[in-house]
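Considered here are two forms of the same protein chain, supplied as structure tokens in two stand-alone entries, structure 1 and structure 2.
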Structure 1
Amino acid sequence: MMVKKIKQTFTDLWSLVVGLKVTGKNFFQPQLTVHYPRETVDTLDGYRGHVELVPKKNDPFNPICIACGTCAKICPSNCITLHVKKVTEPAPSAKKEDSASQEPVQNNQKAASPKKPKTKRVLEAFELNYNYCSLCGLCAQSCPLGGLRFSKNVYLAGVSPKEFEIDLLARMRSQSQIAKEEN
């Protein structure tokens, strides 16, 4: 018992030396941080910035978002406000309807009542109040179409909280514009 205790003490003491070795070694190794304003890093793959809207693949100026509002509802900090305009679309082209009605109804599918005018929710602005966002990611997770993702917007600084109330739709459009001009 006594021998074991003394042995343990010496292993414990040796662990102190090991600790010093670790920090001593790190002291002389190259630094891992960069001097920010003069240097920046480009390894931002895993970075979680604020959320951003995902544009449609074939139409980079419009988002995948269907303005269903799930993200705004699930957000624990109520950061997201959707400004939605309801547009009554003219009924889908009459020709198509006619051809559909001419054809004999073979399948037992219930045809959606085509004569009712469709209202479509159009996103006018997607307001994100980043001041209160905790980056939990529930909005991106709950989006039924994958229309939200984390941006890689690292270099974010401002002098007033107003600067962190971002309209994501306008941001996405301006980014697409920049991308277009570059191409």
Structure 2
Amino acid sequence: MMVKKIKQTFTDLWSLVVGLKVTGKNFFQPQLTVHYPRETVDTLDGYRGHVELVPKKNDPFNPICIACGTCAKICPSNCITLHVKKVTEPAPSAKKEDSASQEPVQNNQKAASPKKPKTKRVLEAFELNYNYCSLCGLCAQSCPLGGLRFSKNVYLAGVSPKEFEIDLLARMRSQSQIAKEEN
């Protein structure tokens, strides 16, 4: 009975020594994390935040996105929704065709067929439900024009799931407005 108690005491003390060794070793190593919000991160290399729209270089209020919908189709989480409006533009050479149609058509020439007006897809909203995003990056990789990229929004926080449903078009425009006001 007495031997069993002494053996148990040695086992407990050895466990304490092993635990203190691990604690002491990590206590003197450089710190890898920061105490947010008292400290912030200096470098964000390699960080993948939610995706964001890339603005045009000459027009920062409009995205490079042509609203083709490839990103929404390839997303495995179905967290991207595009709201697209189709706008019909008049044919660019309509006046030329009108003047040409008054001239007689020779027998070996075919009459020029009237050009159809072009239909353009205009992006009205680009909604991202960040609650379901797995940050796989397929949307950014599949974009034919490079219109999506990962953001550096490392301090995104919220208290309800609704706060993580983001209209990326409105976000891009508000960021462009802030940048414009700062300059």
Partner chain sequence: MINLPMPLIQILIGLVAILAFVGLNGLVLVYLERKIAGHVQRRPGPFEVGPHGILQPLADAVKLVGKQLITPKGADAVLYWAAPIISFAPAIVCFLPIPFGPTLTNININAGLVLILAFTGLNVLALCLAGWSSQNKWSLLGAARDISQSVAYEIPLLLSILPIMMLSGSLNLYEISTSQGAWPWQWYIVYQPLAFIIFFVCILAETNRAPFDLPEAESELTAGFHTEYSGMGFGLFFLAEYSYMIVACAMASILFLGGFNGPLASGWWWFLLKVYALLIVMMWLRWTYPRVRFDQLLNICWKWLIPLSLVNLLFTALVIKL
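All of these numbers come straight from a predicted model, not from anything done at the bench. One-based numbering along structure 1's sequence throughout. Only the largest set of C-alpha atoms that superpose within 1.5 Å between the two forms is called the rigid core.
Q: Structure 1 or structure 2: which matches the form predicted in complex with its partner chain?
A: Only structure 1 matches the form predicted in complex with its partner chain.
Q: Rigid-part assignment between structure 1 and structure 2: does A72 fall in the same part as G147?
A: Yes, both residues sit in one rigid part.
Q: Please indicate how large the rotation of the smaller rigid part is between structure 1 and structure 2, in whole degrees.
A: Comparing the two forms, the smaller part rotates by 69 degrees relative to the larger.
Q: F27: how far does its C-alpha move between structure 1 and structure 2, core aligned, in angstrom?
A: F27 is displaced by 3.0 Å at its C-alpha.
Q: Just grab the Cα shift of F10 between structure 1 and structure 2 for me, core aligned, in angstrom.
A: That residue's C-alpha sits 23.4 Å away in the other form.
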